[in-house]
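Okay, so here's just one chain, in structure tokens, the form predicted alone.
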């Protein structure tokens, strides 16, 4: 077999292979770019059937990132997967609170997870930001609760928590969220790599192609 060694050619070829899977789906160019990146990251074309977009999600996310919005993640693995240099190039930053000592203390005192506690403690910073949750359903429940109480108004909420306890339920609830654009992946599948791929797709997007 012929092995492709060039990383850029590997990515180009991958996107070429993915393209036919999207033909029968009614996607605008921005949604298409996001789903191609999700499939490229996961290696699973079937995920296309479970991705859900708020109508303004792609536009809102790209606009916020280009204007230097901060990106807040639930776990450090997700933070590591985002192209931080591009975020910083637009004037933003990528932040995660889960490892902060004060968050661990507060989480224990409140009886909630550290991922949820981090967002609750830093809720004042979340307006007009991009909130990305790829691991912890509890963090997604917490952020949606803050939104529903009119305490925060992120520019975009990406919710793709993974697992068998609360993940599918949190994403079903996200579909009912009013007032904040979102992108999600239904069911138990998800994870930090998929959440990061969504943000990177928005960062890399170059227009209607």
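Residue numbers count along the first chain shown, from 1. Model, not experiment: these values are computed from the prediction.
From this point on, the text means the form predicted together with another copy of the chain, which you will not see here.
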With the cut-off set at 4.5 Å between non-hydrogen atoms, does residue 138 touch another copy of the chain in the predicted bound form?
-> yes
Does any heavy atom of residue 78 come within 4.5 Å of a heavy atom of another copy of the chain in the predicted bound form?
-> yes
Is residue 59 close enough to another copy of the chain in the predicted bound form to count, meaning some heavy atom within 4.5 Å?
-> no
Is residue 169 one of the residues lying within 4.5 Å of another copy of the chain in the predicted bound form, judged by heavy atom distances?
-> yes
Determine which one of 159 to 167, 23 to 31, 60 to 68, 146 to 154 lies within 4.5 Å of another copy of the chain in the predicted bound form, judging by heavy atom distances; exactly one does.
-> 159 to 167
For the heavy atom contacts within 4.5 Å of another copy of the chain in the predicted bound form, list the residues of 177 to 194 involved, in sequence order.
-> 188, 189, 190, 192, 193
